[in-house]
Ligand code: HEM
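Below you will find one chain, with nothing else, as C-alpha cells; this is the form predicted on its own, and questions on how it binds or moves follow later.
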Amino acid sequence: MHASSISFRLAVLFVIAGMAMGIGMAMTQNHAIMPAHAHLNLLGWVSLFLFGIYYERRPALDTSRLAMIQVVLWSIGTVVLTLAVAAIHLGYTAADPIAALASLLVLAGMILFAYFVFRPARDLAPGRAAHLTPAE
C-alpha cells in the first residue's frame, strides 16, 4: 500500500469521527470538547489529505517506507492528542502529559514531512508527466 492511499483512507475515517463528535455535541448541547473536535478535523482530515496529495504527486516517495512511517506517526499522534485534549476539556487534568507527548509525536511527523518537502528536488522525481496533445 502507498502512503497516499493510507493518508486518504485515514483522513476519511478521521473526518467521519470528527463529524460524529460535532453531531454528538449538538445533540447534547455540550460543546466542551470543541477543541478536540477541531484538532481531529484539522490534523486528521485536512493535514492527512494534504499529505496524501503530496505523496501521490511523488511516486518514488509515495512507495517509501519513510513516508509510511510519517503517516503512521502522524495518525497515532492525532488520535492520542484528540483523546487527551477531549479529556482535558472534560476536566481530567491528568491527561496533560499525554497531550504533551502526543503533541511531540505530531511535531515529529511534521518535521519528517518537512524533510521530504525541503530535500533536494533531484530526490523527488515526480514520475511520468502527463502527455497532452493539442486538439484538432
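Sequential numbering from 1, following the sequence displayed. Source: prediction; values computed, not measured.
A second form of this protein, the form predicted in complex with the named molecule, is not displayed here; the remarks below concern that form.
- Although the partner is absent from this view, A26 contacts the named molecule in the predicted bound form, with a non-hydrogen atom inside 4.5 angstroms.
- The named molecule in the predicted bound form comes within 4.5 Å of a heavy atom belonging to V15.
- Although the partner is absent here, S103 is not a contact residue: none of its heavy atoms lies within 4.5 angstroms of the named molecule in the predicted bound form.
- Put simply, S64 is far from the named molecule in the predicted bound form: not one heavy atom of it is within 4.5 Å.
- For the three residues S7, R57 and M68, a heavy atom within 4.5 Å of the named molecule turns up in the predicted bound form in no case.
- The contact residue chosen from L90, V72, I53, M34 relative to the named molecule in the predicted bound form is M34, the criterion being a non-hydrogen atom within 4.5 angstroms.
- A heavy atom within 4.5 Å of the named molecule in the predicted bound form is found for one listed residue only; from A38, A94, I76, L107, this is A38.
- Residues within 4.5 angstroms of the named molecule in the predicted bound form, judged by any non-hydrogen atom, belong to 41-49 and to none of the other stretches in 76-84, 107-115, 94-102, 41-49.
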